[in-house]
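This document opens with one chain alone, in structure tokens, the form predicted on its own.
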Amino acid sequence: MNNLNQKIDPQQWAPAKVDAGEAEFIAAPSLTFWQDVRSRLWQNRPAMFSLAFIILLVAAAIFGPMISRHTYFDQDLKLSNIPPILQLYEVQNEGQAATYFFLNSGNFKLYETTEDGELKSILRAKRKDLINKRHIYEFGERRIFVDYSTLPARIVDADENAIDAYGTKWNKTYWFGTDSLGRDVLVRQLYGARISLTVAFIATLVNFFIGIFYGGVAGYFGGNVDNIMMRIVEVIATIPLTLYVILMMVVLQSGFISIIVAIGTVFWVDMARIVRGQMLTLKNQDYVDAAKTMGASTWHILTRHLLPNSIGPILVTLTLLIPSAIFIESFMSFIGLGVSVPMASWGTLTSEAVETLRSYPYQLFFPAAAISLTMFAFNFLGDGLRDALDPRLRK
């Protein structure tokens, strides 16, 4: 009863005061479609790391060979198969500075270095004992033996005691080591990135324009035009892509231009199908009918209305086609149908390294890692673009 008789303050029922500025306040900022795409792509960590990796890779491929003191074609057989990580040994002589060197397990030779791992010169053996399988080196009054009677080779002193390594240093002269001809692996790796990425980008751009034009025309006109054009696409698609490229390369002869032409002539099939599907979906929209009513030409409708609204799937497909082109180019070069020597691509580097895989695995590791990381980067970026461009995920 006391609660029923309690008086209520009339001020509690007074209307709330709302200022004009507060009435117009928007809790979240209004973003355009591309601003929202950029924001969501920025929040996708794998896609952004992949984009940063691709930018660094392109910059390294362009400027790396220019600033390096080595070239991709210079050969020095005395410095063949130098590893990127050096196991240094130290020899102390009375009244003289210490001498640092490392043993190349491939040719059983010693190379003089600095304490930090900078390569200086090859050391000449005083005598080679082929019967006992050892090389004899002299450092002042001290004599060192490279014993390769049992593998792996070892360094012993005059008393047949094994000499322990001084330490492990990174090769400051050849960061990625050298190949079987004494060429710098790092510069050839960067030059190979230039070749592989150039082939992939040019072939993808060619496919981009052919696929958009072909798929756009087929999807927009439909009917018999669509049936004839897509039957041609199906005939091309029935031939395995790798086999077709191999046949084209055999006819055109191997080379940089030939592999671009070979990939570009058949790689547009997937893009054409994607664009055709988008045209079939969008050509019945109201804004297309409005454009027709206003007298817009077919070319105007395709370029100003349909293709801009299909840019999302087109960009995603384009991003995913690049790693496929890189893989095809690498495979062609691996089997000997790519660029010719002394030019290098990741495929040729891989092919050359297979022969010395057991003795020098680092020569295969670097190009194989480059191919794998680049393909992963483009695939992650493509997945990020697909999610960012999906309007159903827009908040």
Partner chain sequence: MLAYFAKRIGMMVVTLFLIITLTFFLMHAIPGGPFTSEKMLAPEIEEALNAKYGLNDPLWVQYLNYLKGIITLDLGPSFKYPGIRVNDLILDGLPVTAKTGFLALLCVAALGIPLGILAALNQNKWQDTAVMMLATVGVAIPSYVVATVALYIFALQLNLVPTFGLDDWRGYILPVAALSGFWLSFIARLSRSSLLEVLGQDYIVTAKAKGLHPLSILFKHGLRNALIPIVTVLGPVVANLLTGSFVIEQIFALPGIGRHFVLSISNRDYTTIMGITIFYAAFLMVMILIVDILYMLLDPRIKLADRNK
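Numbering follows the first chain given and starts at 1. Please read these numbers as outputs of a predicted model, since none were measured by experiment.
From this point on, the text means the form predicted in complex with the partner chain, which you will not see here.
S.K.: Work out which of 250, 266, 206, 156 lies within 4.5 Å of the partner chain in the predicted bound form, going by heavy atoms.
M.R.: Looking at 250, 266, 206, 156 one by one, just 250 meets the 4.5 Å heavy-atom criterion.
S.K.: Ok, 198, 114, 242, 281: which has a heavy atom sitting within 4.5 Å of the partner chain in the predicted bound form?
M.R.: The option sitting close enough to the partner is 242.
S.K.: I'd like to know whether residue 334 contacts the partner chain in the predicted bound form, with contact meaning heavy atoms within 4.5 angstroms.
M.R.: Output for residue 334 is yes: heavy atoms within 4.5 Å of the partner chain.
S.K.: So, residue 61 and the partner chain: in the predicted bound form, are they within 4.5 Å at any heavy atom pair?
M.R.: It does not: once the partner chain is placed as it appears in the predicted bound form, residue 61 has no heavy atom within 4.5 Å of it.
S.K.: Going by a heavy atom distance of 4.5 Å, is residue 69 a contact of the partner chain in the predicted bound form?
M.R.: No, residue 69 stays farther than 4.5 Å from the partner chain in the predicted bound form.
S.K.: Indicate whether the partner chain has at least one heavy atom within 4.5 Å of a heavy atom of residue 234 in the predicted bound form.
M.R.: Contact with the partner chain, yes.
S.K.: When you measure heavy atoms, are 124, 132 and 177 every one within 4.5 angstroms of the partner chain in the predicted bound form?
M.R.: No, because 124, 132 and 177 lack any heavy atom that approaches the partner chain to within 4.5 Å in the predicted bound form.
S.K.: Of 187-220, which residues get within 4.5 Å of the partner chain in the predicted bound form if you count heavy atoms?
M.R.: Contacting residues: none.
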